[in-house]
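There is one chain below, alone, in structure tokens, taken in the form predicted alone.
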Amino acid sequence: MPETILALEGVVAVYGFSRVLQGVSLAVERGKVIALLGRNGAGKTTTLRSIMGLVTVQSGRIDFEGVELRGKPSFEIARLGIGYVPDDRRIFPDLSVEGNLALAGRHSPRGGGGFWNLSTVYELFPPLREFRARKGSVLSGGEQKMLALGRALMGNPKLLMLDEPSEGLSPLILRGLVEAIQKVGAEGMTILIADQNLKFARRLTDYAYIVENGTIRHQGAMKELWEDSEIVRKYLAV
């Protein structure tokens, strides 16, 4: 039987007086790459931020390896083994590439002792090795995404969550990112990808959830979703 590493049950999340998630339930199996799809504003980012303790969760349960995450501070959630790459990347602009990576490794309880370290991250993203002395602030958007992903990997998380990783990337950079995520998944990493780009998600995932207006509207195999033009038109077409 596949083992569930993360499960959300009836999660209701709010920003101020606005209820954004209306009872989201989903499950992520260990070692799988899962997509959370939806248009802008559908609730994808709020779902990831709820898992990380960055928004108020009014009700529901968020279970990670048998531990209830609801109410825990973000730093404790990260220490449990969840790596999070937000859509705005949040790298340290005044630190070098290598400084960003090394800092992430030093401050993680799993950093330095797992598969992912400076050597393996540079192997995954060769441009980062070339630019290792450059400050984060002078990197291009695509290079910053590489750095943000590499920094998350330096903590050797059990679950990696990526928010809108394909957004704003050129086709060439996007192709490289797909290959990198495929390699990370091949090493056994569990990955949850929130994105609105179905073509991008199709290349990486076997199973998908679709969120709309803060509610899961569809779930199933990616192959079946790709072939269901009515579902795609209803929930994903721009």
Ligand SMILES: Nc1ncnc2c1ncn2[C@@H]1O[C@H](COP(=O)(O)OP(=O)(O)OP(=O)(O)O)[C@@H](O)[C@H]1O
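Quick note: we count residues from 1 along the sequence shown, nothing fancier. Keep in mind that this is a model prediction, so the values were computed, not measured.
In what follows, reference is made to the form predicted together with the named molecule, a form of this protein that is not presented.
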Quiz item: Of 169-177, 63-71, 201-209, 34-42, which is the one stretch near the named molecule in the model of the complex, taking non-hydrogen atoms within 4.5 angstroms as near?
Solution: 34-42
Quiz item: If you check in the model of the complex, is L225 within 4.5 Å of the named molecule, heavy atoms only?
Solution: no
Quiz item: Taking heavy atoms and a 4.5 Å cut-off, does V20 contact the named molecule in the model of the complex?
Solution: yes
Quiz item: For T190, is any heavy atom within 4.5 Å of the named molecule in the model of the complex, or not?
Solution: no
Quiz item: If we check the named molecule in the model of the complex, which of the residues in 191-218 reach within 4.5 angstroms of it by a non-hydrogen atom?
Solution: Q196
